[in-house]
Structures are given as structure tokens and as C-alpha cells.
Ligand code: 13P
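Next comes just one chain, in C-alpha cells: the form predicted alone.
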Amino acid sequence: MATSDTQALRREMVDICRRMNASGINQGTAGNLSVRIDGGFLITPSSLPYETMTPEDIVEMDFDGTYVGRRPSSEWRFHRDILRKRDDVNVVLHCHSVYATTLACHYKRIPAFHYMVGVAGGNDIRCAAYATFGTQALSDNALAALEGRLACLLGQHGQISLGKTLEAALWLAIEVETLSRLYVQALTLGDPPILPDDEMERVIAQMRRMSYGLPPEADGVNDVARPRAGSAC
């Protein structure tokens, strides 16, 4: 039974799942979603269309693999392992978005062909080695690809995006798909130039500062970028 302290979170999870499909990054019953709670996590159930899913269908799991309610997603292992290892995130979102999966089918990482690759936390978005879905091997491969990153591709499978909140994880998953589409299109013209590591370090530093509500730091950037007197923050 859904407890009162998780009911709102369960409703938000259902909403995010439906928005995954509406945004085009997921189809049918593919993909899954989890969020950390005290002592464990909530995860979407196995083989249930998002259109018919209710908050009560969301499964509560402990980190020991036990659960209450419906059968959890077959991918519960990498959800558990990521949340257990990564205390910097609270949400794991997995989907089979078309362009990210296209790259994953060729085991192509996404290099720094565009500065927005930095939103995943590094100078590339790695692709994990293939393993059968739902297995511990897949979880181990995903953890390796996510080291120091907030997103990765899964070889011949799909993508994983992480976040502190459900909204943040959804935003990142959509951004990974957008970058994947841009990269696929760029490759039709040949291998695009790659931004150097030192530039990506500057980009990532800017992104981190701005995520804390601070202005960017670079030559000339802050010369005129100040709130107007009397304006709302």
C-alpha cells in the first residue's frame, strides 16, 4: 500500500513516465524510473503501460532487493546499484530514445563535438558494454560507464540519465537524446571537430557555477550581465 509520505512522489513518478512517452524519448512499456526514499527506493513496475499506471502501482524496494507490491522493473538491479553507490543523485531514468539507442547499437560514445555534452559531467558521454537486460553484468557495466558522469549509453540497448530530482533526470534524458540526434546528423558530414579537454573543463565549471545560481566566470562575460536596479531576482 502507498504510504502518505510517498504518495505525492508516486504521483510525480507517474507524471514523469507519461511525459517520457509524450516527449518521444520512450515508447510503450520500455524504460523505467526510480527515486530514492528513506531506506530504499521507489521504482516503476514491470510490463505496465504508463497510460494505465497509477501511483499505487509504483513498487517500493529495499537495497537488499526485497519489494512490496507489484513485480518491479526487470532493470531494478542497476537502479539499486546506482542509487546505492551514487549519493550525489536521487533519480535514475532509463529509456530507449531513438538516436541515443542508434549510437549505442554502434557502441559510439558521444564526444565533445558540442559544448552541451558537458551537462553529463565530463568531456564525453560513454557507452557501456552490452550485457543481457536485467542482469548484474548490465548493472556493473552501467556503473563503470557512469563513473564521474550523469548519463551514459548502454550498448545495443538505450540510455541512462541521473538527477537529483525527477525533473532534472527527465531534462537530462531529453538533452542526451537531442545531443545524440545532433551527433548522428553531424557524422553524415564526416567526423566533427572535438572541443579540447581544457575548454570542456571551463564549460563544466561554468555549468556548475550556474547550477548554484552563480554567474559564469570568463573574460568579459560579466561586464554587463547584472540585474537591473529594481528588477525581481
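Start at 1 and count along the sequence shown; that's the residue number. Quick caveat: nothing in here was measured; it's all calculated off a predicted structure.
A second form of this protein, the form predicted in complex with the ligand, is not displayed here; the remarks below concern that form.
The stretch in contact with the ligand in the predicted complex, judged by heavy atoms within 4.5 Å, is 41 to 49, chosen from 173 to 181, 196 to 204, 41 to 49, 62 to 70.
Proximity of residue 74 to the ligand in the predicted complex falls within the 4.5 Å heavy atom cutoff.
Of the heavy atoms in residue 30, some are within 4.5 Å of the ligand in the predicted complex. Put simply, residue 96 is close to the ligand in the predicted complex: some heavy atom of it is within 4.5 Å.
Contacts to the ligand in the predicted complex (heavy atom within 4.5 Å) from stretch 153 to 189: 157 only.
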